[in-house]
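Only one chain is given next, in structure tokens, and it is the form predicted on its own.
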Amino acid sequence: MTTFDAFDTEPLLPDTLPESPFPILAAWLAEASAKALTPNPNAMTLATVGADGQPSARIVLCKSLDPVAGTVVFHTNFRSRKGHEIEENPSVALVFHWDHFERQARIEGDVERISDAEADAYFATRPWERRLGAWASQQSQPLASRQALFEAATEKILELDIDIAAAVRGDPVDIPRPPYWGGYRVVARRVELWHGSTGRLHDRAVWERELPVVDNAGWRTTRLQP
């Protein structure tokens, strides 16, 4: 018996790394979503840096992933802390972590707003309570009390003339998207995929490319020490 017979020595990422990390990332996300071992398998940490150089991080939800373009989309209030920091510094980092699968994906890239049409289409799919909440909440701003938040929601119900009785019955109600709410697209410049293994001899690889992408320039890739 050799020293490493007790270890998993087979590559957990493809032995020959693919040209792009995104097909693997898309497959990992699809598997996590299908098995639903956690309530939000599309949850990811978003890290931003403000004008003062102070980093901040929070959890957001990945709403779409484009394996061809190498992009990830999330939605938020543009007036939130993360919205202000993105406007000041559009370079961000994302982390997916699927503990049950011993998998992690780290993404670094630049942010751009999605189109109004894309944002409107997604906003229309949200439950009416969340659409109303987007109007009522001035995200990240001081709040006198929790009651004040519900009072703001009531004011918006009247202002937007929302038929709450119809909404509660499950009938369609028209609640437009606030102009300060929408989506951001992260264009990846660096992606690191990590797959846990025995003895902490994990399988880890990184893909990098220049932004903006010119003439379909590809990724550079290499395996990393765990």
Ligand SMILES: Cc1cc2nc3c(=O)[nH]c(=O)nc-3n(C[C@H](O)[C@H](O)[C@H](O)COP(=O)(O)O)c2cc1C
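Since the structure is predicted, the reported quantities are computational estimates derived from the model, not experimental observations. From 1 onward, residues are counted along the sequence shown.
Keep in mind that the form predicted in complex with the ligand is missing from the display, and what follows is about it.
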#### Entry: Partner-proximal stretch of 172-180, 53-61, 196-204, 28-36 relative to the ligand in the predicted complex, 4.5 angstroms, heavy atom
53-61
#### Entry: 4.5 Å heavy atom contact, Q139 to the ligand in the predicted complex
yes
### Task
Determine whether any heavy atom of H97 comes within 4.5 Å of a heavy atom of the ligand in the predicted complex, and answer yes or no.
no
### Query
How about R113: is it within 4.5 Å of the ligand in the predicted complex, going by heavy atoms?
no
### Query
So in the predicted complex, does K82 come within 4.5 Å of the ligand, heavy atom to heavy atom?
yes
### Message
Within 4.5 Å of the ligand in the predicted complex, counting any non-hydrogen atom, which residues from 24-41 show up?
### Response
N40
